[in-house]
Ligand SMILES: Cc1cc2nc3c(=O)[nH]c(=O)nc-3n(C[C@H](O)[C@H](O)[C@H](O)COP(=O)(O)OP(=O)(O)OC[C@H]3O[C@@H](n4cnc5c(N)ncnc54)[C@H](O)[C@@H]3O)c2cc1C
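Shown next as structure tokens: one chain only, the form predicted alone.
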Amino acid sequence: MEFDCDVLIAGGGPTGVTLAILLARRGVRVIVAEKEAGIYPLPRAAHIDHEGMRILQEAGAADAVFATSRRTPRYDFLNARGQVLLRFDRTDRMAAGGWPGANMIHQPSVEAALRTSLASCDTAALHPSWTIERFSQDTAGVTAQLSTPEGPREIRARYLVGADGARSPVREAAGIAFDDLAFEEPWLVVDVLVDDASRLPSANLQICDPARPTTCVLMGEGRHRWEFMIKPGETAEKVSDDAFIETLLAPWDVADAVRIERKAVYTFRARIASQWRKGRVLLAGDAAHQTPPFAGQGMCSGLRDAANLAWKLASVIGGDAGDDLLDSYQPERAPNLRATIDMAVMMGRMVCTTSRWGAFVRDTKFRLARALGKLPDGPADYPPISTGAILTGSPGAGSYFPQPLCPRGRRLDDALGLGHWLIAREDLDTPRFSAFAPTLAAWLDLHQAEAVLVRPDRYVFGTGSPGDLAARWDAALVGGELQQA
């Protein structure tokens, strides 16, 4: 039976479309089935970090996203008296991914930029108002039945990826359970259009006030967001009333400075799917995990999924790797994702304290830790890849490889292109590497390495001699097994 495409993706949100672009740029034939007729027009995700921006760079959307995003130098956690409990500084500085550490965005603009990029890909297509009704899989592929505006349709694909959100019908149909990580809090989200930015805070804020835990953050250009924890006994209807929202915003003194664009009640949850792969069905983004918003890692995690999965699927479909390479997807991503969720839950529990005594104890602990210099002062670093398609035991294996800019402003990824890179010290004076030689040499010096092989998702495969690295990389793709360096 012939295949209509190599990969069928359920869901045309940021994760699904990014995955489609990354696959198409590697020659993979992709169909994206999106149940909605168009992009959801109101804000949702608010933040993309430097690594997410680097992934969007590969997807051809970073410049457009950056043009409408905003940055702030601080992310502050304040108590009820306005005292700083925890501060992340320098969030607007250039980070390892070659972009600023924190970029506040407007999700519909991000999705529009991604769809524009996808439209230029010859081997990928996004179909609005297409819904996967059911599917079955065998040893060779997946057969899906869809409803479309033109009537029922059947699609045969080598793989199906469910990037269809937290309620993922693909996950449900595959019989994959969610592991609950014991965090669930209802919040009211209020997004506003800004008429007078001078009257709004210029930093991202978490107000750890037991009377009403509150979030106040920048969004994309011309927008701002407040989030208010819903107290016991308050209903969604009550807190969504315009008059009630006015009372919540009154302490911020923004009357006539903002206009409400969106109000919604959400339950912030921490959950992770027990399996991210089941045969030829894989999950990505919110279909695989849900992260509370306090660390701003929801969309970022989905983009990381796409980057990890894209090169592996392309390698398998192109015949360069065995199917078991896909088994490394969850073991590589899940520890990073769990650390991301742990950070978000820690922040959330810090913010969501509603007991005055509990808040007093918390404030005392943080004041002491701050005085002793034991609090972090920058964005969190999440753990490197510790198992999977890496050369375990070699210095730097599994770490995130930085993207330097040359003096003329060109980024490393744009200069070196897609695929894996083998960067040897002896080659740094060649035209390909010379503009970036000082930074690359410093990285090799730090790891006392003769050469480094960087995976297509810009994580380090391993270090060693160039010939040995090339041989071990080929063996890892074909055989799926690695020996320690």
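As the structure is a prediction and not an experimental result, all values here were calculated from the model. Each residue number is its position in the shown sequence, starting from 1.
There is another form of this protein, the form predicted in complex with the ligand, and it is not shown here; the text below is about that form.
Of the residues E34, E51, D457, E58, just one reaches the ligand in the predicted complex with a heavy atom at 4.5 Å or closer; this is E34.
The partner is absent here; in the predicted complex, the one residue of A163, V110, L313, A389 having a heavy atom within 4.5 Å of the ligand is A163. Contact annotation: V189 falls within 4.5 Å of the ligand in the predicted complex, judged by heavy atom distances. Proximity of H106 to the ligand in the predicted complex: non-hydrogen atoms within 4.5 Å are absent; the residue sits far from the partner. A residue is said to contact a partner when one of its heavy atoms sits within 4.5 Å of a partner heavy atom; D209 fails this definition for the ligand in the predicted complex, lying far away. A residue is said to contact a partner when one of its heavy atoms sits within 4.5 Å of a partner heavy atom; E332 fails this definition for the ligand in the predicted complex, lying far away.
No member of the trio G101, G396 and W443 reaches the ligand in the predicted complex with any non-hydrogen atom inside 4.5 Å. In plain terms, the part of the chain that comes close to the ligand in the predicted complex, with a heavy atom within 4.5 Å, is 36 to 44 out of 36 to 44, 449 to 457, 429 to 437, 64 to 72.
Taking a 4.5 Å heavy atom cutoff to the ligand in the predicted complex, the contacting residues in 202 to 229 are R225, E227.
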